[in-house]
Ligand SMILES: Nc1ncnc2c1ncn2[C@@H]1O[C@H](COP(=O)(O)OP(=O)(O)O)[C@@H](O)[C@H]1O
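In the form predicted alone, a lone chain appears below as structure tokens.
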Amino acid sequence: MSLSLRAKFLLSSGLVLALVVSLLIWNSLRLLDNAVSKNADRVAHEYAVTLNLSLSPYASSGRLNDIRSYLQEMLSDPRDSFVRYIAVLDPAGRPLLQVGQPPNQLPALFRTPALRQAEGLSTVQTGRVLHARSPLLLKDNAIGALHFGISTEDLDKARDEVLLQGGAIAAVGFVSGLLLVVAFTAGIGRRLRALSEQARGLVLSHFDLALPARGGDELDVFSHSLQTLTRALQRRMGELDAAEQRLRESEARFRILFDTAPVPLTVTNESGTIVAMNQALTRTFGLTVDEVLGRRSDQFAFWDSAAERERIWGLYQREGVIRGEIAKTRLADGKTGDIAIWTSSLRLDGGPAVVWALMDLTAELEAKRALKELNASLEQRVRERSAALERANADLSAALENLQRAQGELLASEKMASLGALVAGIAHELNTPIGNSLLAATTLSDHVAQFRAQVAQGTLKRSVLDASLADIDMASQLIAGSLNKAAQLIASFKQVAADQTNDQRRRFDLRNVIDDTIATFAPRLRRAQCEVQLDVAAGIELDSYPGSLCQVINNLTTNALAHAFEDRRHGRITISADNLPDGSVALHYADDGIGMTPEVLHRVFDPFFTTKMGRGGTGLGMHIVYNIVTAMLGGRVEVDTTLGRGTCITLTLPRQAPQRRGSPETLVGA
């Protein structure tokens, strides 16, 4: 079927328009995709070089964690860097360092067919992130992998907006063009040629071409649409240029990182000519940029000798890499130092290059040599000091044994002195009931003799018998009362004396032990006109050493009578006990005496400290109290005193005392 010329023209025009629009969209897409891919790959390559330079010294020495905070700060603001994560994996794929949020399976990500490889760098695009991988030299010459991700969000967004607007404008132009061709065929060829010229200009990226206005008809609208597309493309390309500018600025920041890295770094080409260096090289070796750049290391004062440089360079040429080799160089102060050298190969500006990392180990190696020399003499010094310590230990052991012996003898002497005072007091106290009993017995004997005489004479009267019986009854009661009192005193004395002499561990009632102890002080308390008030409930049982507790009560009472009531005619001692929540017992020994000054309180437990030196005071009473309570009874002592208002001594005693070492335990029922 044949078509009319108009139809053919319309069909041809429609095909031409479709071809022009398709070519325009395809070329725009190609240009944008190529621009995004090339920019992203170039930036990834530059980031790989910079990161490899910065991380190689730390990775090869196993100190990646030292640079973690620095990388975290670098990635903290997405607006300052396009890098979204950095990860270092060992040869087995295990992470050694991760900063940011890398994907879960990094190695598997690079096994996709979409993988791109160039100059030792592998890249994969997923979404709006370009993932990159490059080799990294690790500790012990292991080859790990450096992974990092670069955001292409800005580039992709710009490309998508250009495509969206371009497609919309192209569709509008295509439809408008078809309508114009149908309505107006006259002059369409000339104007279509102009449109074709503009389309070819867009293909060649000539965005400054413009069609003249033709009265505002449909073709002119289509021309304006193409011009709108041109302006949109020009604006988006400007945005791409701005993004590229930001990438260049980011690259500049990474160059600053390289320049300020703490490890001296240099970059050389394959012939050994230095093309880059950082500030650490100047600080460590005193070399300036003018002395180093564009020259080989044998052309300025760097190596300790020419042979040293040849050795290191020959090692690199043979093995292709240097991993921690120690070399002799000249430091900034002009002295010879030891440095460790690491190298990493890369491509820079289209050619092979080598990164040299230099670490000054002079101080460390000198310290190791000094340590080796010190260790050589250490064994002899240890033997000499060991012998001196053995002699000192022997002397200390002998002194401790003498001290323990003297302490035991002193405690025994104090106990015997206390027991002697107790015997004297009991003997004086027994004189009264025994004397009363003897007087009553002799009087009763006289009455019995008189009674017998009257009975023998037969002159016994009823009144005489009644009087005699009354006298006999009175004498008997007097004798019985006196003897009972003497028996009680003797029983208390026997118990206290037995406890202080044997001091066997047993279970006893606290009130009974205190009663017996205070009873032995009755004569001295009466002479001193001192009243004792007991507020200790019956039934408080202790599994402890009653003899030691008696000794403590004796010393406190003696101390109170000697010091608390000086220059006073009467006094009061109060003894009370409380059950504490932790199961222990608090025994309070208080007096209303003169109290202590802060100076005396501070030294009250010091041995041989007394306020009555030369007047009968030994200064051992309170010291013995402290030792018995803390060591034997397993408790603690607290003193609360106010000058002029008295003193309260609190003994906190466990219900079950700790077992004494070297003494068998004897439990006797109270």
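The first residue of the sequence shown is number 1, and the count goes up from there. Because the structure is predicted, anything quoted here is derived from the model rather than measured.
Form predicted in complex with the ligand: not shown, discussed below.
Asker: Do heavy atoms from each of Q165, L229 and G238 fall within 4.5 Å of the ligand in the model of the complex?
Answerer: No, because Q165, L229 and G238 lack any heavy atom that approaches the ligand to within 4.5 Å in the model of the complex.
Asker: Looking at T152, Q125, T343, N559 here, can you tell me which has any non-hydrogen atom within 4.5 angstroms of the ligand in the model of the complex?
Answerer: When the ligand is considered in the model of the complex, the option within 4.5 Å is N559.
Asker: Would you kindly say which of V354, M596, I518, L137 lies with a heavy atom within 4.5 Å of the ligand in the model of the complex?
Answerer: Only one listed residue qualifies here, and that residue is M596.
Asker: From the candidate stretches 470-478, 362-370, 563-571, 344-352, select the single one in contact with the ligand in the model of the complex, where contact means a heavy atom within 4.5 Å.
Answerer: The contacting stretch is 563-571.
Asker: Answer for Y626 alone: is it within 4.5 Å of the ligand in the model of the complex, judged on heavy atom distances?
Answerer: Residue-level check for Y626: no, no contact with the ligand.
Asker: Mark K612 yes when one of its heavy atoms lies within 4.5 Å of a heavy atom of the ligand in the model of the complex, and no otherwise.
Answerer: Although the ligand is absent here, K612 would touch it in the model of the complex, with heavy atoms inside 4.5 Å.
Asker: Taking the ligand as it sits in the model of the complex, is G634 in contact with it (heavy atom to heavy atom, 4.5 Å or less)?
Answerer: No, G634 stays farther than 4.5 Å from the ligand in the model of the complex.
Asker: Given that the ligand is not shown alongside this chain, does S13 nevertheless sit within 4.5 Å of it in the model of the complex, heavy atom to heavy atom?
Answerer: Contact with the ligand, no.
Asker: Along 641-658, which positions have a non-hydrogen atom within 4.5 Å of the ligand in the model of the complex?
Answerer: Contacting residue: only T647.
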